[in-house]
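Consider the single chain below, provided in structure tokens and representing the form predicted on its own.
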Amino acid sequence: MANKMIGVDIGFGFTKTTDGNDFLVFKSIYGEAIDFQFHEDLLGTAGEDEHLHIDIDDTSYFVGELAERQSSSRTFTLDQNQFVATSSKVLALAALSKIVGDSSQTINLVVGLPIGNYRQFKSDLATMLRGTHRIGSTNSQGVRKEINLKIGEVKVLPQPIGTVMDRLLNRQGKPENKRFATDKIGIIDIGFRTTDYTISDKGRYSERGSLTTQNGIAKAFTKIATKLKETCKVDIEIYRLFTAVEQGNIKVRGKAYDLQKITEHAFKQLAATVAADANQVWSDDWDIDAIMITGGGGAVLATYIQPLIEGVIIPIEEDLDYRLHNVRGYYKYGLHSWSPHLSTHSEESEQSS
């Protein structure tokens, strides 16, 4: 039996995973688990995907929305060293526990890292995830089950390559979009903590045209939180601003605050920085055919960035949440790499093993 293929995108803001059919997305936050005195969902509105309660290495964690609601001590970090060393394993295994379930099938896994941290952490991340993991998973009714998660091969890619693979490969992992195999494409991948810039030159990764900056969407969120503190005198954690920014308002101790003006100002400032960095890092790459803007931050900044970019912009297909293009690309790349009937591995495949 062939190994099951899974893509996992462990982001600072959200963790995403897919098996090619289903997707799971949750905030990249976890905390200590507590014993519930009462398990009933009073209004019947919570889904099982929102209840991530796992045991790893004799430690019990709440993950995602459950941790935000229930854990007294929570871990949410923008520090890359801490994120890889302590958070990545918990978040990845939590995601896999849901999407794999009771399957005894061995998994092949493709994950990504920001370009600036790729060389330093790719081996550590692959080693951390590879092997057999015994996980306890407890559902919303308090029923616990044991999962024996077997991870065989692990490939680590520079994160923006996922979006390229998503456009280049079809659902079977076969090259289909000729433009991405023949053209020189620049990718701006705006995440929560970082923004990655890279070039896919005829389907090959360009080291010279690649850069990671710390100008992720968190920088705008930090400015919004600072303005809110001046107004309402409360320190609001930036991971709690996702819904408020999307809705354009937030309630603090029952009082509503309009976020639209400060959000637009923060996004415009960040977009100008992102565009300036792109124009600078690709100043010698005047032969770029087109540019893509992707990532969760790309969804909100694209309209601000496009007028500031020197080049032709390729619109991202709107068949999918912006946050999921990388992880779907990881999945497709895994099919391409490990299916014997498909073409040979590309150069970055050999670099990432």
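This is a predicted model, so every value here is computed, not measured. The numbering used is simple: start at 1 and walk along the sequence shown.
The form predicted in complex with a small molecule is left out here; the points below concern that form.
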item: 4.5 Å heavy atom contact, Arg193 to the small molecule in the predicted bound form; value: yes
item: 4.5 angstroms heavy atom contact with the small molecule in the predicted bound form for Gly64; value: no
item: Contact label in the predicted bound form: Phe242 to the small molecule, heavy atom within 4.5 Å; value: yes
item: Distance check, Ile291 to the small molecule in the predicted bound form, heavy atom within 4.5 Å; value: no
item: Site check Thr17, Lys155 and Gly329: each within 4.5 Å of the small molecule in the predicted bound form by heavy atom; value: no
item: In the predicted bound form, the residue from Ala33, Val300, Ile314, Ile56 that sits within 4.5 Å of the small molecule by heavy atoms; value: Val300
item: Interface residue in the predicted bound form among Glu310, Glu50, Asp285, Asp321, criterion: non-hydrogen atom within 4.5 angstroms of the small molecule; value: Asp321
item: Candidate stretches 171 to 179, 185 to 193, 222 to 230, 273 to 281, one within 4.5 Å of the small molecule in the predicted bound form by heavy atom; value: 185 to 193
